[in-house]
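Before any questions on binding or motion, here is one chain by itself as structure tokens, the form predicted alone.
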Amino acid sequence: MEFPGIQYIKGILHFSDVPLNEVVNNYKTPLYVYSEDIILKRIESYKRGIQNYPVQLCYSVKANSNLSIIKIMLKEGLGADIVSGGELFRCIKANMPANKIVFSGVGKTEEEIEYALKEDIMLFSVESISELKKINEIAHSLQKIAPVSIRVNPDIDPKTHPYISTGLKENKFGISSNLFENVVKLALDLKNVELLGFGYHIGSQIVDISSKLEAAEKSKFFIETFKKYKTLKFLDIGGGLGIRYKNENPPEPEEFVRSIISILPWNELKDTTILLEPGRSIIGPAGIFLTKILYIKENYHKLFYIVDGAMNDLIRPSLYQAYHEILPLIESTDFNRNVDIVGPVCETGDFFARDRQLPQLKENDYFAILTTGAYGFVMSSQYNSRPRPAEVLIDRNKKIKLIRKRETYEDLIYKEILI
């Protein structure tokens, strides 16, 4: 099975042409490692699909919000799709122009809305009538005009994990299609918002893109409705392209974009910029997680590799029962041991793999857990008072750069007050 940048060379696992045994010797574990080369190749695939069409890529910051990762996206001409004031803060710190930032999310606070208005962001993606009125109210108090887009819920099944499905009518996201025209009228009546477009986002880790094509087809009705009242400046088609974790076979970004572009009614979009918001599909394959075997243990019929990484570092297997390919750093052909890979956290749910066929290894051997660039570190925590891991980047010159220091015990308590 092929994964970008992963290969054994002279028996040592390499990532982006860098031997991982040297990485763990220098930076210890648990550790996140990212490849700038792979990030750039994924972005380039999107750009080939876009060609000369008026499409603006806005990186979905929630996938991986490290400042150095955001900076790479900025250098490549991407904007940002954010879902919190904290992500806005990160983008500003990474010098992302505010006029390339879309603020999505169903629960924007008054403080977040005010912050975004003061920074003059490109667009608020509005998810409810109440939110629309709140943005208008806050914009009025600041004597500003808020740029807004309506997020519609098209009631389309993205055929993905239910936790990351966002376009069905039972999901919390977006405004019901039957309310769309009324919300357009309401937005046009409000004095302190400027309605600039609409959009949709139906889910994440979409491998069967027929649902995305269905959404693009369905958008034609909303385009026609919107243009009865206003020029459509922005059409936000979301993101959601999946990646390979096990045996999935998603299209390349280039093919994904071209398929959607072929459906959009371009004769109706002459004055429109299409916003496309990839996250996982860019950064997911560009990251791995390294961890070391602390102990090997047998309980009755079960064999456990107990490692120094845990669910607080990488929660996807516990939260989503997600599969990640796992490879030892030393090459082996005998994947004949049925093992559970578990961490030190005091939870039975603290595992990276169950009943996985792996080689016979020993204590102090290392694993690489693949495709962890997205929703890895960003979902980590300090549960069990475990300091979070470091992050490093293999840059395009094959130099390893520390982009987040490993937390210390002092970091665990620096905000606490002993009374």
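Just count from 1 along the sequence shown to find any residue number. Model, not experiment: these values are computed from the prediction.
Note that the form predicted in complex with a small molecule isn't included here; everything after this is about it.
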| property | result |
| --- | --- |
| Non-hydrogen atom contact residue 241 with the small molecule in the predicted complex at 4.5 angstroms | yes |
| Any non-hydrogen atom of residue 205 within 4.5 angstroms of the small molecule in the predicted complex | yes |
| Exercise: residue 372 in contact with the small molecule in the predicted complex, heavy atom 4.5 Å | no |
| 4.5 Å heavy atom contact, residue 108 to the small molecule in the predicted complex | no |
| Residue stretch of 278 to 286, 138 to 146, 111 to 119, 69 to 77 approaching the small molecule in the predicted complex, non-hydrogen atom distance within 4.5 Å | 278 to 286 |
| Contacting member of 221, 335, 295, 320, with respect to the small molecule in the predicted complex [4.5 Å, heavy atom] | 320 |
| Heavy atom within 4.5 Å of the small molecule in the predicted complex - the one residue of 312, 153, 104, 291 that qualifies | 104 |
